[in-house]
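The data below hold one chain only, encoded as structure tokens and taken in the form predicted on its own.
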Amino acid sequence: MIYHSSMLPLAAVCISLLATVPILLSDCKPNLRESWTLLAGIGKFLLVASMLPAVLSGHGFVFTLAEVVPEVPIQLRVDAMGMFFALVASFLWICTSLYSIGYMRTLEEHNQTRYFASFTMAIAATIGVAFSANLLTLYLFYEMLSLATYPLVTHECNADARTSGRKYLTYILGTSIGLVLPAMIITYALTGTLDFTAGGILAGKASAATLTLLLVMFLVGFAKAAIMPMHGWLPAAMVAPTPVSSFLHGVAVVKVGVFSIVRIILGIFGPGLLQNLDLGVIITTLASITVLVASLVALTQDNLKRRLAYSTIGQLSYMVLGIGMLSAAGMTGGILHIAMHAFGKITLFFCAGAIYVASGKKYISEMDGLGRRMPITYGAFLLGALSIIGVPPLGGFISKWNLLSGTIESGQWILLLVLLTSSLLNAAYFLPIVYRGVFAGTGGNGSPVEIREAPLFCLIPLTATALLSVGLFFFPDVFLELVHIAVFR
């Protein structure tokens, strides 16, 4: 890929960061505050999308901010992998912003200005991670994202929120400082660079034992990916408002963890090195355990958001599992699942929030009959669930098909069994929610007949993301091409 110097990557990162100023100044004018939020979101997406044609034609963009470490500048670089992630994150941020307006206003939530300002800083960090040219730049934006999302996790300002916030920072900052930072320093000492390079930079630089240790440090250290046992922060963070949960699961935080691991595997180690040392088995073993255990735990959760949270833990490891297969189809499926899961899971969280806004209900056992009162919400929930299960014609089918093909291509039949078993478990914990909502009870355990659909600002985003989950089945070409460029060129 040929790179051209340009300020477009910096503009794409900073447009939402700069929007925090007018958002904070518009504290007493909600309409103006939310207009700034939407304008920043639309502007960010348009800036990202404007670079797409060049990336598809084999050209990228680069911008160097400063060089604080010899041969390791703080640098932004737009390549196919970064474009793939940035497109998903910037588009879904617009949906989340619209949804936030309906949710926060309807429930008359407190500290809405702080909420929207934190959101804009968080999406700026997310795009910074997407466009990082090297591990140091990624690490800095990764930490920025952790700090920017802390006020969102603790938004409720009660004891549970503070406890969850402490757990969030302990897991996320503790692992990144205690594991990723030392691993990064060791990598620099071995290679003299931290650039993400096709084929990796570590081949021939260290013993197999050292490389194995580095791999484990990175896998566990990027705890946003929620690989067990570093998953405990994610269910705890569900005390936050539902738009925050949507952002954590669909737009940014957890996907940043997986994206960071993908960058490490493709650009620091390289698939060839991992294959030669047979280190892929470490990745697939950790991911397989997480997939199955998280799915089983999800079955036991009555709180809807916690069930979705454990589902996310399992689905994130689908992505890591695919990359760890080190086969063409497996890696394609793993990366593609970042996008397919994002659209499906954000739909499910939007629906959970809409149910809470309309009925005040959080527990699945209390939702009997609600589907008859909220057909749009439950219809969207069904589409999001089917996509994550992997049923055609939903986008999740394409990523899961590639994952299954990857197990056959690499001859890893035990992973085929893991994927099939987990897909059955996905159906077991999702479909009863829809069944109870539509066919059980007379109205949700005595729910009043006044229960209706949530406000339009809640309904429009969840309907859009549900329909896009269908659209991605028929029109996945842009994402497939970006993945092909990222992995094979």
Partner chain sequence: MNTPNLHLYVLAAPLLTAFAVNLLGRVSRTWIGPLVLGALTFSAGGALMTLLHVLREGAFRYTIGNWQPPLGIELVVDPLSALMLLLVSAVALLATSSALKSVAHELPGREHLFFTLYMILIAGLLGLVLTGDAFNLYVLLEITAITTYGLIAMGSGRAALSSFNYIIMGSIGACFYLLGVGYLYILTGTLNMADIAQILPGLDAPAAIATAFAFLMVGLWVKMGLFPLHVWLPNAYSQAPTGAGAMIAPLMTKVTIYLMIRVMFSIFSPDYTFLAHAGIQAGIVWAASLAIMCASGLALAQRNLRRMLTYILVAEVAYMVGGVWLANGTGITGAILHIVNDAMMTLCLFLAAAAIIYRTGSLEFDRLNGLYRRMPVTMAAFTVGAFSMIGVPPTCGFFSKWYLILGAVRAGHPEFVTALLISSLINAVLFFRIIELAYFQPASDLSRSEPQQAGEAPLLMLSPLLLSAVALVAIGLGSGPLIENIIRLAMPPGFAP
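Predicted model only: the values in this text are computed from it and were never measured. Residue numbers count along the first chain shown, from 1.
The form predicted in complex with its partner chain exists for this protein as well; it is not shown, and the discussion that follows is about that form.
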Is its partner chain close enough to Ala66, Pro151 and Ala189 in the predicted bound form that each of the three has a heavy atom within 4.5 Å of it? yes
Counting only non-hydrogen atoms, which stretch in 389-397, 83-91, 371-379, 163-171 is within 4.5 Å of its partner chain in the predicted bound form? 163-171
Using a 4.5 Å heavy atom cut-off, which residue among Lys362, Arg105, Lys205, Arg114 comes into contact with its partner chain in the predicted bound form? Arg114
Quick check on this chain: which one of Ile177, Leu299, Ala198, Val281 has a heavy atom within 4.5 Å of its partner chain in the predicted bound form? Ile177
Using the partner position in the predicted bound form, report whether Pro182 sits within 4.5 Å of its partner chain, counting heavy atoms only. yes
Contact of Pro70 with its partner chain in the predicted bound form (heavy atom, 4.5 Å): yes
Please run the contact check for Leu266 against its partner chain in the predicted bound form: heavy atoms, 4.5 angstroms, yes or no? no
Answer yes if any heavy atom of Tyr139 is within 4.5 Å of a heavy atom of its partner chain in the predicted bound form; otherwise answer no. yes
Do any residues of 193-220 have a non-hydrogen atom within 4.5 angstroms of its partner chain in the predicted bound form? If so, which ones, in sequence order? Leu194
